[in-house]
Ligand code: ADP
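Shown next as structure tokens: one chain only, the form predicted on its own.
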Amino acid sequence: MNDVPATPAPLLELTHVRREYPSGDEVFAALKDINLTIAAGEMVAIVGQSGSGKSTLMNILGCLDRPTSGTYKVSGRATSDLEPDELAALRREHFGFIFQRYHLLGDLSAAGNVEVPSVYAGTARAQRGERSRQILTRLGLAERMGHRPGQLSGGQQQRVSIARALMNGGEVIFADEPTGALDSASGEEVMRILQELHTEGHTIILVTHDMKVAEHAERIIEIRDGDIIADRRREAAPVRAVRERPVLAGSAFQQAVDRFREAFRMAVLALAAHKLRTFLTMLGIIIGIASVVSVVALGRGSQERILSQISTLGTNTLTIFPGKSFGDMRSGKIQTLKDSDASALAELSYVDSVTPSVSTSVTARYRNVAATAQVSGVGGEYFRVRGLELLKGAVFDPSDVRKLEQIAVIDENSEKTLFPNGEEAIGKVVVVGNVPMRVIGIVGTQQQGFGGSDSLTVYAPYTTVMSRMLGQTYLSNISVRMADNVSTDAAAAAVTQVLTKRHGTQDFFISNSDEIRQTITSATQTLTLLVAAIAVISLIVGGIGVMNIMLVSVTERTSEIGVRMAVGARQSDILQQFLIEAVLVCLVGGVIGVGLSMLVGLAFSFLPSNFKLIYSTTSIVAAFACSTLIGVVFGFLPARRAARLDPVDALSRD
């Protein structure tokens, strides 16, 4: 008995496949109960007029579309069971597409277009570059590899499309009207190439309305109104071995890096192609980042300015006053604060320096110049306690205090007022009230609040002021400077305990300069936070702008997305590309925003107020983190929308 050749197992198999589309209130059936098998190595032409369903059939065969009902199997595996990324793997590793309108990516060279499928397949860079050159050389494009699609003729673009289809092996090549946009000579050249590929073992599926093109195939399937009306062979089709795909190389990490590099490159090209739109998109981010960084720097600069002014009032100090609190009407009758209390406090280990204080306001005169001055009777350590800078001369010492010396240290304002002609003040005698005092030193002006002070201050030994000017034996207050490593709160509690024990009662209260510092710091931080929060609103507005523009970009580039999906891009690849674009917009906007903020700081440095912005590394890093987060958050929706596009719908849009 003669051996009967075994029937080859179908490579592609459709069983009762139906594809319907909504059409108003009705449903339009593009395919009706299609049953079809295609074996490996066949060259099949699907023929029909426009609207017959031939393109719909090819889209389902190429896994660009799914049937409404029925079963489609590839090598025995039902495509209905496959996830989108598994379908992408089929298109990437087994199929190749040749489109009537070429669908090349305009920003890439011919070689770059050909390499795209192998990037998504994970082929090593060197291997895919070499294969791309080999295929393009074979197709007669060796001299045109670096040219972009716009620099190629129609026939050359279609050959680039064929090369792209072959890049990953192209076991099954789908050609949709491959000669439809070409002249007759170019069309014949394309068909010759397809026949050569068929001879080499590729399965070729042509979709055409031109019967002359169809006659190049061994099997012609005619379709009309969604039904197969004829399936004939021109001659017996020999069984051909299916050619092997090229071996892929590259580690998983390298594959991920290559896909990221491709996504990054396409993101940069897309942004560069629309420079004005990209800049306008960045503008909201630029303004937002510049505002946040500048506000934080302004807040820190204000805080440092205020704290430096507080420092001139005395740093890490406690001031002891008679009475229960400021405004106590009975405080004037309390005369228990004595210089012996100051001496007792000076003996404490946690005390750095102590000064008794009394004060009065009198007229100071030098020759024919007179002015109202504040006289501060203080101890020799007063200038250390209050951190006053000695500009000229000297300050009095404890022996001057004990001897009730009639000497004075004046501030800059007093020097300018009493000695207006630039006369040397040191050694001169100034009449303070009715007491003549010899000037021995000049100190900087002490701030009397959080701004400048124009008052005149004369410092004299407190013993001299008490005996010769006030005629009293008690003090107005005692100022205590604590050691640097001592908590002022703990020191205040200890001082309270010591003085209460000495007085037998707590007839005094303590003003803690650190409390003022903490209050001011807290207030400025709260204000900075409030203004920064307002500035963040502009960041959110900028983020919404990014999202809107990215949605527009997705709409404009739908066809590109379809092409990438057709050549095997995963949903994650598309998602990654559009997320990178959004993040790049926000990051570059962040860089420009920080630079703009620095220019604002530079402008402040030229102002006569000597106020300066103090930039925080933390705020700058936070600004970049914020801009990145905005890119991810507001770019995710457009990127997700792009990734979820149906390949066939995306390809049908221009």
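Throughout, we count residues from 1 along the sequence that is shown. Model, not experiment: these values are computed from the prediction.
The form predicted in complex with adenosine-5'-diphosphate is left out here; the points below concern that form.
Among 616-624, 587-595, 23-31, 37-45, mark the stretch whose residues have heavy atoms within 4.5 Å of adenosine-5'-diphosphate in the predicted complex.
It is the stretch 23-31.
With a cut-off of 4.5 Å between heavy atoms, is residue 49 one of the residues that contacts adenosine-5'-diphosphate in the predicted complex?
It does: once adenosine-5'-diphosphate is placed as it appears in the predicted complex, residue 49 has a heavy atom within 4.5 Å of it.
Would you check, heavy atoms only and a 4.5 Å threshold, whether residue 53 touches adenosine-5'-diphosphate in the predicted complex?
Contact with adenosine-5'-diphosphate, yes.
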